[in-house]
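Included below are structure tokens for two forms of one protein chain, each presented in isolation as structure 1 and structure 2.
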Structure 1
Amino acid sequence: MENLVFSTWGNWKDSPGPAQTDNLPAQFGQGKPLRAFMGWDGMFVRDASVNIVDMTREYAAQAANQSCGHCSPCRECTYRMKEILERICEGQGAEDDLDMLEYMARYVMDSSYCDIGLTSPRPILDAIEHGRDDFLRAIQEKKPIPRGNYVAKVTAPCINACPSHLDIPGYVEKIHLGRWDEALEIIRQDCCLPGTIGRVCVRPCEFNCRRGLMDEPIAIKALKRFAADQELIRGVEPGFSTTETKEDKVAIIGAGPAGLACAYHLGIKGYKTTIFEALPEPGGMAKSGIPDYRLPPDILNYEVSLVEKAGAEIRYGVNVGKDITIEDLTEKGYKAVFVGVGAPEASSMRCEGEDAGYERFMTGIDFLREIAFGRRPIEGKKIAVIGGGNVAMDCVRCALRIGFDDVNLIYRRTEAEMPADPVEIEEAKEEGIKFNFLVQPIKILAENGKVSGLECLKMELGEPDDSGRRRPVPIEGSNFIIECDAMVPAIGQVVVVDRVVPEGTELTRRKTLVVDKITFQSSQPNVFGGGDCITGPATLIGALAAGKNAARFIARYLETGECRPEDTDWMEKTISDLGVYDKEETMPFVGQTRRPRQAALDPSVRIKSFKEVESGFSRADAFKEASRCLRCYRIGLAAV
């Protein structure tokens, strides 16, 4: 409640109640107060000196600017509302202007197609209701009102949920209009690996899609893949708009998603980069951790070639920290360094015998890497894979494809707690993987130095732990043995960034690199970092976001010597704090449309090779699916 002049925030929701007065953000960036905010759910004012008339003018201008122009109420009235407010603020307001404003605001809010029209008039009506005297005074006094300082941002539940904030409704609409190249252009502004992400993303956007409250979320991932595939299918040359070439060179450590994204976005800004990669091929975890049947190598290679075209040189087989140090790179003239070395090593299982060096025992991450480079890593007929995440899923499905007859997954909780993508679990079941739930390995058994079995304990679920999932508790005396002749633990990865960064660089207790959450700058001003090496094993899209944002701040550091978040970054945070997706929202009706399914190879066919399982949408399916988007754009405006 502190410093709150008034708030209407939240009382536009379906079940009208009192406006929210608590837990509204009060700060905008470091030491800067948030004076007032206008947005999709109303407005709140903390500083009585904010000129509400002027702020409404700015908000209306943003709304008019965002109107796509397809439906008539929003197209024809948002700009008229803006013009009236401009007039009032210039001291030329008329008596009936307020009535007209309210009339149009209600009409747009009642009759528009998408949420730009349905939500943007809300705070305008609130402002008139709570500040009517201010508006009337402005009309009567006929004096120009000076412009205040505002920050605007357009978002949507899906955009806000995506770590890289892709303009999802924007490119979905372009796909609907049949403008695939323009859709891809929009995607590439925030994501340089659209074909890759379009195949393997964990898609937080889809879990925050309002269409999902109605029937099924938009198939955002598949639509992105469609746009990316169209470029390849039609042989379109992607356009780059690198206008200027900058002098300063940047070194990037690791050709994984974070490093590639950083190189790409620096390249677009005109910077030449050198990527140092320890392995002989690019892609990092996208290459060695994702099997070919989910991500064909030619897709990744094509997208890496575009990063190179944007100005990156990749040097393979260079192990930074061993062959060369960051200090050496600085001496060689690299003005900034981006560390994107990921989490490439397996974590320990804390199971007896895992360090004994048995044959036919290999960590999941090594197993996948060997397969990615075309080798059969271990011999055997019956394999046990331990873990419940996506890497474990990849291991079991790959094991089947390289000739194991009997593939067993061992997980200490139940299917409901598995962190793996439900689609992956489903496909693995279809392929005949055997799932063993509530089983904890305690000892690896071996004969003649070769794996021969696994001693396990049965588990049961207890109280929820920190992650919110119920904790598995061993059942005393339930020991049993699973026989197998090969074993792959896939229970997590660890970060090795301490071997790369200069001594004295700040690290966390988990040995991850400490960086600023917004700028990605480490405790060494010229060293930036992003991806798994700052978060621990996480998502591909998170790594791409880190690379993209770090590129922006590296450029800023090189140009000004400073590296501070911009107003738009703080705005992003303010919007996230307010929350854009309301999973409790009730929709007016239950939708009747389902998303199309991507065609998939039959399980009996696909387990015989590493051929891609899913094929993309047809043009007709993509068009139809894109038309389901509700375009939940929201506009936020902060007075600072």
Structure 2
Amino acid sequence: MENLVFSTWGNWKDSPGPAQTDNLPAQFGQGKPLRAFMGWDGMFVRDASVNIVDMTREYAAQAANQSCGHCSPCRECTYRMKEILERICEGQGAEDDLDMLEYMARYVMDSSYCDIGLTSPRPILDAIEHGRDDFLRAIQEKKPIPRGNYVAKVTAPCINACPSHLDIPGYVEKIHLGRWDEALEIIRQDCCLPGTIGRVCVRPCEFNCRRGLMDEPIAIKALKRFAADQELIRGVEPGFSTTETKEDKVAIIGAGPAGLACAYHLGIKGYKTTIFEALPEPGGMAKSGIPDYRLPPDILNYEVSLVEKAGAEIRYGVNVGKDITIEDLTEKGYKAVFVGVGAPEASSMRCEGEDAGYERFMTGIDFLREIAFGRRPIEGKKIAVIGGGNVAMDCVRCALRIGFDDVNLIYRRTEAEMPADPVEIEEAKEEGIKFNFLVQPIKILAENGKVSGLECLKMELGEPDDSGRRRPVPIEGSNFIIECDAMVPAIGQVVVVDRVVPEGTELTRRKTLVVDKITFQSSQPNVFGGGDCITGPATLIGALAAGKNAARFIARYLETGECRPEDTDWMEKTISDLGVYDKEETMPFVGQTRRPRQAALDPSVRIKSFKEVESGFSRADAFKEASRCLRCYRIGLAAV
């Protein structure tokens, strides 16, 4: 309980025990302490000067404002609790107010369906229990209480897990109500490529869905796709609510997800942007690294066209750092530059022979890029792909579709450690890919300058490494050969931002761009960055989030000359530090429902073309699936 006045945080868990005080954040922002916090799992106070009565009033007001009204006890009682607490803070409280507050708080918890009603009374009850003397004093003294300074935020386990913090329960509920167009409006506030993300997202939200503790997570990704597809199916032209056009121009380097998101959100704010893209088409790794059977090009191209309608101009075939520099862009009148160049090159496999220049050897990044632009990269019938991530999955599945009939995936750990999407692994198995686990390549074999095989070692798993996965250890003398006439290593990607930014710009040892974690501003004040070039190879939704957030701070920089986080930004960090999803939570009614499955082409059919494998939900399936959402909103309130 060090540095705490008191804490009830965590004592609402299903398992009895003391309040959980480990790792409770002490700082709210830079140089600003977190004086107290009220939320879904109780409350904690670090500063004795915080007025618990006033803070409870503010929390109750937030709860009343967030009550959806579907459960009448929550709708009526949260409003009444707010009124009572406001009356107490105005010096007009009555002796029986505390009993009434406790009664209504417990009534709301016992009768509500969603988490606003189930969790928002918790800190109110805690405040009355631990601060009863303060409440009684306020009632008896009849003096108005000055209002404190608070920051409130609504979150949910899925929202907190999503890098872009989409209002997932909000758009899922709109789909349940049959309002797909309103759902799409909610999605586009934080994700400008909903049809794309609805097909290829790695869905961290679903792995943090409380419904999954009961039966199966909500099919959040598929519901996002459903909303986006409806716009195309119905031929609806989306509208844009943009502000008045600003004079300042912004240059964006890279038409990948980060750059597109930055351009879109700046366009909504009225800023014209120019995107400089080295490739002949937009999308970055979404185009050149994700095969058409997962992401049809017409979907991506349509969503890029909406970014252009929002105010972006895309100039193709321009390699910034080679054809033009950031200094040149500044001289041409661009007041700010966003760098979103991604990680477009392959990592070394550290295998003997990989630098020998053998024919029919190609990195996974180049292999997928060639296929994306309609070319067969390498000839052969037997191919070995090395790696265990999504790029490796894409490579082996593409290899089948371009004519290889013997496709081996080689991975040095077991399937349990593979970082690839489990859905991709399962579909690859269905298509006949051969998985070789606990295998380490050590030498590429060749005949007449062409790949002829791969010498490997068998491995066993040892202790966990820095990634948390068990480290593969070679078994001495276990050498064997996998015959192949083509080889594709897909083990990682390399950032090239050092070729783009001005000399002197701060970089990490991995040569990623150093930026402020909240504002995305680099050591060069007019240069911002986001996506893989700051994190290393990561997720598409993470890149979209970076572009969206950077756009907000670029606009602030252009308008004020400064770039500082606001209280709402620090509140996001506070909530992330606390954590929202509790994987140990005990849920009622286990095994009640199952989510519908998206129809997929038969493996024997789909391997013959790049036609999209999965279809979207029907309206009936989307409605039914959306109805499974538990609406797990939670309210957080910080005293600062």
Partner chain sequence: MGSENVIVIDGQEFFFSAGETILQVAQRNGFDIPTLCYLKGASPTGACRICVVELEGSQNLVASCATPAAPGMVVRTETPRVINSRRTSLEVLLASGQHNCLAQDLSMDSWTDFQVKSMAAKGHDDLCPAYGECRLQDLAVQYQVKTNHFTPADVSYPIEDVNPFIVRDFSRCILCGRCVQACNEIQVNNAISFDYRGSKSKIVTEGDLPLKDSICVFCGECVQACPVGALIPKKDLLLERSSNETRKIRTTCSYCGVGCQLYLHVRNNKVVKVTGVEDVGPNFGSLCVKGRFGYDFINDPERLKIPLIKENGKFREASWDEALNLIAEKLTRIKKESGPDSIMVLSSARITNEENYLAQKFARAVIGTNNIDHCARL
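So that the term is clear: the rigid core is the largest set of C-alpha atoms that superpose within 1.5 Å between two forms. Numbering runs along the sequence of structure 1, starting at 1. This structure is a prediction, so every number in the text was calculated from the model and none was measured.
Each of the two structures shows the same chain on its own, and it is structure 1 that derives from the form predicted in complex with its partner chain. Comparing the forms between structures 1 and 2 on their rigid core, the Cα displacement of Pro144 reaches 2 Å or more. Here Glu216 does not count as shifted, since its C-alpha moves by less than 2 Å between structures 1 and 2 after the core is aligned. Core-aligned CA deviation for Asp328 between structures 1 and 2: less than 2 Å. With the core fitted, the CA of Asp99 sits 2.4 Å away from its counterpart between structures 1 and 2.
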